[in-house]
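Encoded as structure tokens, the following chain is the form predicted alone, with no partner shown.
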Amino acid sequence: MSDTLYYVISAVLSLGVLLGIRLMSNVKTAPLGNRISALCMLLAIIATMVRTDFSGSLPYIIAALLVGTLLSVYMAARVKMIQMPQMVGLLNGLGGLASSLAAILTVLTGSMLGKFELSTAGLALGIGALTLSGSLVAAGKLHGIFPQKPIVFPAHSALTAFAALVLVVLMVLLPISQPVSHLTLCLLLAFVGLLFGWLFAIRVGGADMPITISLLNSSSGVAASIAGMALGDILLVSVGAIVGASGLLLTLIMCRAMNRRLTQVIFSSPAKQAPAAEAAPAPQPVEPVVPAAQDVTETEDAQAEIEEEPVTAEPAPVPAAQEADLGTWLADAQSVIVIPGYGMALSQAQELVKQFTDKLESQGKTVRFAIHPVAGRMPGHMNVLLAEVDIPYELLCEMDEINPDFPNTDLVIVIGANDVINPAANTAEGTPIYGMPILDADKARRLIICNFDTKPGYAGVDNPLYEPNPDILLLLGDAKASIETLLSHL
């Protein structure tokens, strides 16, 4: 295959990938966009194989492709929808591993490599290594292998910054070093890259997981694109750059949704709980004063005046809504908004949610879904779960679109969501969610919260919606059981 033909094919396939990504930005056309992008990548593999002279290694290449294909088919069949976030994280890591291996082989087997090839190989190796370790840690957190809460070591930010600095120094040394030291530098690059990725990802909590997943997706594309530069493959450069750019744009969207800067996610330690107000000091005991004989009469008169003053009663406790109110609330509500969260995904309650919303609509009620950008553990997580049970795309509303409607909504039903509806985001300074845009569920006329318990969410911030309120009803326990309770009252 001539270079000119290969460049033309590369351009067409790159445009096809771009078209697929464009279609994936809309829930209706996302499946078609996914298929187009997958087809373009298959054609890219075929074009690369036709163009490359394997010199007797073709059987090994075909065997590797077969193993990878069978493994991917097996994983696609066995992985549950609830496990999709960790699956995405794992695939990001494998992309980083592939780029790292390509970079190492380029350095160790290439002859007469110039500074450009060595520089790009070093970049690809470092970025690929940090993508691998960061993705594996993220997948481990999502799968419960590692604690999902942030793990922060002493001087964690300083260690992360130092690892990043060492990584840059090694990347600079590789192209100016002697060939005999290339292997040592490559091993050091791989080690420090793995260390940096681990330090970065281990401190990430559930609140930042969507940002982390999209960032690692971007870094896997960047590593592939730079590896393409080292290999001199224009198609790999182009497709990797598209993946890297789209992942970075998604990361910035997620950061905006969390009202966080990207540097905060990478380097800063998680914010602490807002300090509680200091309690007033306990009054010190005062020694009784025995009045003199001539003051006894005045003292008795003052005591009589005090006793005559009315005593202000303690305010009555705020009553909480009871499960017995469910039937009335559901019957009275004509407009309903459902807010899904990670708890729904954990319980696999989306099928029951579909039955519940169908029952509401059959009674003439208006039902919509409010989707927070960072609900779940990866971008679009809730959309995927709801689409799985054929909930119409038109009912899925983004936060900015639906927030103005909450004050005029009769009933909001929260299913396994916490941080994305927590009003403390507007008041609790110094917490991970302070300043984060939230769904204004608390502004609705009535609110039903179907969460497992009243503990704080992954951000570790107490939710004031759990306090007794006549317009807020808590259905605690497994999401499936809570939805079945709602269904029984329709």
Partner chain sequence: MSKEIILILVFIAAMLLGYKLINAVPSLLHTPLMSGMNALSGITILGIIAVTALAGSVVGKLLGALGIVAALINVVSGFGVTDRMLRMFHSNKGTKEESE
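Positions refer to the first chain, counted from 1. Heads up, when I say rigid core I mean the largest set of C-alphas that superpose within 1.5 Å between the two forms. The structure presented is a predicted model; accordingly, all values stated were derived computationally and were not measured.
A second form of this protein, the form predicted together with the partner chain, is not displayed here; the remarks below concern that form.
- Val222 is the sole member of Leu167, Val412, Val222, Leu194 with a non-hydrogen atom within 4.5 Å of the partner chain in the predicted complex.
- A heavy atom within 4.5 Å of the partner chain in the predicted complex is found for one listed residue only; from Leu185, Ile242, Ile402, Ala161, this is Ile242.
- Partner contacts here mean any heavy atom within 4.5 Å of the partner chain in the predicted complex, and among 423-431, 51-59, 460-468, 438-446 they occur only in 51-59.
- Mapping the unseen interface onto this chain, Leu326 falls outside it, with no heavy atom inside 4.5 Å of the partner chain in the predicted complex.
- Interface membership of Asn418, defined by any non-hydrogen atom within 4.5 Å of the partner chain in the predicted complex, is ruled out.
- In the predicted complex, Ala201 stays away from the partner chain, with no heavy atom inside 4.5 Å.
- Using a 4.5 angstroms threshold between heavy atoms, Ala129 stays clear of the partner chain in the predicted complex.
- Looking at 33-69, the residues that come within 4.5 Å of the partner chain in the predicted complex, counting any heavy atom, are Asn34, Arg35, Ser37, Ala38, Met41, Ala44, Ile45, Thr48, Met49, Thr52, Asp53, Phe54, Ser55, Gly56, Ser57, Tyr60, Ile61, Ala64, Leu65, Val67, Gly68, Thr69.
- With the core held fixed, Thr69 shows a CA shift below 2 Å between the shown form and the other one.
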